[in-house]
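Form predicted on its own, single chain, as structure tokens, below.
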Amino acid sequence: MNKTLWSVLVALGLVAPFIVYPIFLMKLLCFALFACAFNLLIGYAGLLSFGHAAFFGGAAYVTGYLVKYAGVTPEVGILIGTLFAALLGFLFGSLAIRRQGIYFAMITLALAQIIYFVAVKSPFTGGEDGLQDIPRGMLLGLIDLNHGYSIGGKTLELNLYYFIFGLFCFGFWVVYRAIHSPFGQVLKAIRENEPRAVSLGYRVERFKLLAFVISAALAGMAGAAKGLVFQLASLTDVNWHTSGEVVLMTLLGGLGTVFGPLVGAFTVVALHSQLSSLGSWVMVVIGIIFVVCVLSFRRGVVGELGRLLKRSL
């Protein structure tokens, strides 16, 4: 990736809130980061987790509680939420990576259901109502994230948008650097042929655990940011449906590609937004689109585009 393309992408991100509704963009950025974090695990380490909603929603609850009841600033709340997700990822990963394939996926799903149960039963999570009215607070004690600028007859929440955009850029950079480092090359080797990686002397369990922790931490950052944007941490965030949705985003965009999760997240979030009037039928429509895409683009949208251009995207 050359510097010109990166500059164009960053410039697009900076001007986007003046063109597209900022709340929609922030939702898109949160789920895109979530999908990128998940793609690091399944696309490069070959580990299919069905429990990533635990990190996404768990961090949202922790951040929301600290910001609302402990009065911490939003950046500190997100940092603690991210660290909580990383710790949870270490615990889950230490147990799950002992198994492979469907057994690994089922263990992650079972552990995530424990977090869902805690979210339902614990009084500090708000139960079925969730944590509502989470204050966005003052960034670094100086910048009001709730402040809106009146431009062209519309109120744009630019402070919050650029904060979320900055978090997304940082998370995306971490994923990009990880997959283009020797660590990322070892993950690919493990994905392609784990016995050969073991025979070369690599401690594959350590590499897989580190990938799991990084993925969990970034998923937690995305969930914490989403909690601030919508001022809500709910059971939907820790539900297994959310784990399934991030799988859908990643497969739709392109497994093991840099930009695939972004395209997948944009497609799913946009469909949810545009087809919201259909109610529960929106899942049927998304399911049909998913089947068509999987049959037509076996490598995902970006994966097939990269094959046509004969370059990695």
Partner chain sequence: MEISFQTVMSQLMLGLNNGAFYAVLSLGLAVIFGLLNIINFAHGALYMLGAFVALSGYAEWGTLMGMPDFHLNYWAALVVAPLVVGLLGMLIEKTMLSRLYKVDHLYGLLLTFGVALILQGVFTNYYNVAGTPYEGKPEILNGAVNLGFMMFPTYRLWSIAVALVVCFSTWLVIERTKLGSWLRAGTENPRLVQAFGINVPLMITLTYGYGVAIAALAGVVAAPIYSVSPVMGAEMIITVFAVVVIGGMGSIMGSILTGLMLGMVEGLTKVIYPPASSTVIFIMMVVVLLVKPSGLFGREQ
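Computed from a prediction, not measured in an experiment: that's the story for all the values here. Positions refer to the first chain, counted from 1. In this text, rigid core is short for the largest set of C-alphas that superpose within 1.5 Å between two forms.
The form predicted in complex with its partner chain is left out here; the points below concern that form.
- Not displayed here, its partner chain is approached by S280 to within 4.5 Å at the level of heavy atoms in the predicted complex.
- L111 belongs to the set of residues with a heavy atom inside 4.5 Å of its partner chain in the predicted complex.
- Though the partner is left out of this view, I19 does not reach within 4.5 Å of its partner chain in the predicted complex, counting heavy atoms only.
- Using a 4.5 angstroms limit between non-hydrogen atoms, Y176 is distant from its partner chain in the predicted complex.
- For the options F117, F124, Y202, Y149, the one in contact with its partner chain in the predicted complex, meaning a heavy atom within 4.5 Å, is F117.
- W240 is the sole member of F84, F90, Y161, W240 with a non-hydrogen atom lying within 4.5 angstroms of its partner chain in the predicted complex.
- Contact with its partner chain in the predicted complex, defined as any heavy atom within 4.5 Å, is confined among 223 to 231, 71 to 79, 95 to 103, 182 to 190 to 95 to 103.
- Residues W240, H241, G244, V247, L251, L255 of 238 to 264 are found to place at least one heavy atom within 4.5 Å of its partner chain in the predicted complex.
- G287 is among the residues whose C-alpha shifts by 2 Å or more between the shown form and the other one once the rigid core is aligned.
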